[in-house]
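Let's start with one chain on its own, the form predicted alone, as structure tokens.
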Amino acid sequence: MLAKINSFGLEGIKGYGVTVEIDIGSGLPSIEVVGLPDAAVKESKERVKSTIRNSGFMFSPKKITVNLSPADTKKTGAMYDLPIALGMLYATEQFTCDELDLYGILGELSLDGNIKPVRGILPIIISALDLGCKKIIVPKANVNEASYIDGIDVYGFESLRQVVDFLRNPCGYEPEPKLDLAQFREERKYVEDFSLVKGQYAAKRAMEIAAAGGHNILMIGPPGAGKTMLARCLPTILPELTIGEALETTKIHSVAGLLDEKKGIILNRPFRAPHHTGSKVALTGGGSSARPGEISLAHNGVLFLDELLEYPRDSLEILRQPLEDNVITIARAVRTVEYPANFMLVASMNPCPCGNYGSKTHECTCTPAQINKYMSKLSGPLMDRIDLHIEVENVTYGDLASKEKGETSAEVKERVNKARQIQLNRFAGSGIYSNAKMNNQMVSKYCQLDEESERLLKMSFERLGMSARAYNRILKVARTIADLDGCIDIRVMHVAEAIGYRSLDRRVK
């Protein structure tokens, strides 16, 4: 007898339909799995055999052929265990269900019959809905993640036996209740706060501008100046994730298997801080299944690279595509996957090998040749893609001993939210949400300068030898500074401040 079960596969963060076909015929007892299965899918035949027996069902001692259609697409993971097991039981008439073709089914099985959670449920649910599926059976542990999407009934079960009982008599079961993002939305609590950062007024101002416009920022300064603390304070002043951003971010973390099962969704902007000793694949993503890396996991959040020049040169150059296009493409022999990578790059570095070049309190022991060699690790094209370069000096004793409390993150965030709202209104319906993501046409429209500002920018452009990309970055930052000031037009003081954040343009060529 032939059985067909509807299931799904993953290609990056997009799901696609997979039909699991089970044919039981005459011949020597065996199980063959075809349809480009990977090792995990091939091993399912052994898991399924034990699961069926340990769940109190009979395993057919016949020739069993399992086909995963479409046959020309690579199938990965253990999510096909449950549909394969159900197909075998249905083909051997151990249960009947008139509406079996209405359900999408996926889940990994343990040998005792329990259903284990799988990765990528949220993107699969969204894709299943787009493909016309109205009912889906998932592992109970994935229910929270699956219950945020309206328009599809989700049924969660803990064992193979429970699923069979449900399919025999669906009338006695109700779909899982839908979850509302608002019920999990809670006030974010952070260990870090801008009020705890002593001194560093210029750096905090630059961080506020970066947060207000979604700009990339690089901090240059000696060890112990507070660069890392400033970076970790940045998420405390960023706007809350929108519902769309939360779902898109959750898709990536779900595929990577990093989701909290209790909440089932990412509500806070990610802050990823990979170590410089990590591999290039860890940064970009990849492996046999082309999973997302740190660049994609930082989507809609912050990617913090501490000690930037300690990273291998080829790892840094990888950043150029996602910083420009907001996506990263992972090409492997069996597949090419594209992940979204719209993040704020926050980086820190020493100004020289010893870290004291330009310091007012410590003497630099590096030669000019050593400094030039050190700085040459950072290429001009990558530097052009960083909007703000700020120099962070050591904090004085007076700043550290001061009892005066600085502005809290909540106060700074209020100004950031107002600036972001101006940008949301400005770019409404365009798919752009911040000044940093403006295209050239938008820059020409929204970043017009008066004569005085034009003269200042022209003089700086010629003296610093800036590139066209750096020119556009200055205009975008000036637009953000004007938004923070509540100004409709960009004024000369806004342009002057934006130019001041391009200090490395004269040093990196």
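This is a predicted model, so every value here is computed, not measured. All residue numbers are counted from 1 along the displayed sequence.
There is another form of the same protein, the form predicted together with a small molecule; it is not shown, and what comes next is about it.
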query: The small molecule in the predicted complex: contacting segment from 227-235, 147-155, 240-248, 130-138, heavy atom within 4.5 Å; finding: 227-235
query: Heavy atom of G113 within 4.5 Å of the small molecule in the predicted complex; finding: no
query: Partner proximity in the predicted complex: S434 to the small molecule, non-hydrogen atom cutoff 4.5 Å; finding: no
query: Proximity of R205 to the small molecule in the predicted complex, heavy atoms at 4.5 Å; finding: no
query: Close approach of L167 to the small molecule in the predicted complex, 4.5 Å, heavy atom; finding: no
query: Heavy atom within 4.5 Å of the small molecule in the predicted complex - the one residue of I422, C354, V395, V327 that qualifies; finding: V395
query: Single option in P175, P223, G257, P381 placed near the small molecule in the predicted complex, where near means a heavy atom within 4.5 Å; finding: P223
